[in-house]
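In the block that follows, a single chain appears as structure tokens, in the form predicted on its own.
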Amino acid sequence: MTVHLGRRYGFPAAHRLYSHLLDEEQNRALFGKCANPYGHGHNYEFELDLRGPVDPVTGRAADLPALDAMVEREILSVFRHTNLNDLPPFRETVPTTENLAVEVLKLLKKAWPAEPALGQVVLEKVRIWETERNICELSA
């Protein structure tokens, strides 16, 4: 039997919405208060949607401690308590929710095959909440 499983994580981080392709006035007009030179913070949450068979021995589709360890290593320890603009992927790319979702998905897809404990579990989606009103979802 195949099931769909969700697992949610969170991390606090700051960012400034600012494009190097625009001048200060254009950035302020486009991003408003989010273009503040000092940035601002969010308590990001993200959810992974997984799909896989239920193991008849454990009754689980995913080894959650193995998944949690990978997410800690690949995502949380990278983004937690940072200014996203200071991280290599966002030095030239605006750290919007959309671009953050792309980066999280890229990092997870790269690490996923190296986690044998995840077995036949497939990553289907990444969903990121920047705020209650600003959410981005990407299919893997």
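Start at 1 and count along the sequence shown; that's the residue number. Since the structure is predicted, the reported quantities are computational estimates derived from the model, not experimental observations.
Omitted from view is the form predicted in complex with a further copy of the same chain, to which the following refers.
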task = Indicate whether L21 is a 4.5 Å heavy atom neighbour of a further copy of the same chain in the predicted bound form.
result = yes
key: Touches a further copy of the same chain in the predicted bound form: Q120 (any heavy atom, 4.5 Å)   = no
ask   = Would L64 show up as a contact with a further copy of the same chain in the predicted bound form if we use heavy atoms at 4.5 Å?
value = yes
inquiry  = in the predicted bound form, does H42 come within 4.5 Å of a further copy of the same chain, counting heavy atoms only?
reply    = yes
request  = Counting only non-hydrogen atoms and a 4.5 Å cut-off, give the residues of 1-34 close to a further copy of the same chain in the predicted bound form.
outcome  = M1, T2, V3, H4, L5, G6, R7, R8, Y9, G10, P12, A13, A14, S19, L21, L22, L30, F31, K33, C34
